[in-house]
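Okay, here we've got a single chain as structure tokens, the form predicted on its own, with questions on binding and movement later.
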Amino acid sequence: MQIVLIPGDGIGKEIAESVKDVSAALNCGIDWLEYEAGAEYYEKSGKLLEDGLLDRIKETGLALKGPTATPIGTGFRSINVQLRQTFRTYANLRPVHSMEGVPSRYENVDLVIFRENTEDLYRGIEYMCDSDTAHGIKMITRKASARIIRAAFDYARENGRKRVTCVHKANIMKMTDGLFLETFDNIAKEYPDIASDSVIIDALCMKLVTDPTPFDVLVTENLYGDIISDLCAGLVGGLGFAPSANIGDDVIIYEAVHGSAPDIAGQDKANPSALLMAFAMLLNDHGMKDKAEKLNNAIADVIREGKTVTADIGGNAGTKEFTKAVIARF
């Protein structure tokens, strides 16, 4: 199996090495096709993406991506946004669950976020009306709304989830969010085996930080999904344990959603868990569920034991040492 690997910026190269070591130890038979992208690549080449990267993702249909930074200055679009729009990866899937050994305020959190990835304010349709007034357009379509909502219900049905909750602000944005909520209510009728309800975005945030455990599957628009994804990561210990998948009809891009952490880059200090967990998602989705389970269990065992963990969760192990400890659990 050929998979495109984009290490990215900062700590990306170190955690990408962890993935390659784990892949070899699990005998996954993966041929990694490595390409550069990000701010560091731009500084040396004048390009954000290495030539051939987009074509190779299109050919393979699969990519695993580390953190990428965007050069400071006008005229640069986020690489994540470019990839999502190029390959129409309409669904951002973010599982969030508690892990024993990771300091957090809550236990037994186990929820999944489905974020619409292609429209809303993130379409970038904005302009200056005059020198003192900027205008951004929030675009919501029935087609895109239905696609992400069905994806959430299908996931719930296939994975034994009990409830799907629509997150919106239809009390204020009656046309845009109203359309999203109306579409949700209509589609929910097609899934009588799955409970459904809705919640206003600000009320959801309050409920999540008060007690996140009742929530199961959340489905929402692009901007809200971006915000609550990071909020929910904070409930279980931070972005170091936040894998995700950007899903389209023909391409899936798995990634760690944390930043490039340039302050510790090259120092063997990074926690590779998020990218390893994203790799486990990839394995699970592509015929290697046993290897995905073995990897997830190994990560959980090492973190639970607490003897060989990185500084972000209270240990003093380096990236390589943590990776070796995970592999030893196999």
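Being a predicted model, the structure only gives us computed values, none of them experimental. The first residue of the shown sequence is 1; numbering continues from there.
Another form exists, predicted in complex with a small molecule; not displayed. Remarks below refer to it.
Asks: Contact check in the predicted complex: R115, D120 and G248 versus the small molecule, with a cutoff of 4.5 Å between any heavy atoms. Do all three pass?
Replies: Negative, none of the three is within 4.5 Å.
Asks: Can you say which of 278 to 286, 27 to 35, 300 to 308, 265 to 273 gets within 4.5 Å of the small molecule in the predicted complex, counting heavy atoms only?
Replies: Flagged stretch: 265 to 273.
Asks: Considering non-hydrogen atoms and a 4.5 Å limit, does the small molecule approach T165 in the predicted complex?
Replies: Contact with the small molecule, no.
Asks: Verify the contact flag for D312: yes if a non-hydrogen atom of it lies within 4.5 Å of a non-hydrogen atom of the small molecule in the predicted complex, no if not.
Replies: D312: contacts the small molecule in the predicted complex.
Asks: Would G178 sit within 4.5 Å of the small molecule in the predicted complex, counting heavy atoms only?
Replies: Judged by the heavy-atom cut-off of 4.5 Å, G178 is well away from the small molecule in the predicted complex.
Asks: Within a 4.5 Å heavy atom cut-off, is S260 in contact with the small molecule in the predicted complex?
Replies: Although the small molecule is absent here, S260 would touch it in the predicted complex, with heavy atoms inside 4.5 Å.
Asks: Can you work out which of A69, L53, A292, L48 has a heavy atom no more than 4.5 Å from the small molecule in the predicted complex?
Replies: It is A69 that has a heavy atom within 4.5 Å of the partner.
Asks: Since exactly one of A256, V96, I253, V219 fits, which has a heavy atom within 4.5 Å of the small molecule in the predicted complex?
Replies: Contact residue from the list: A256.
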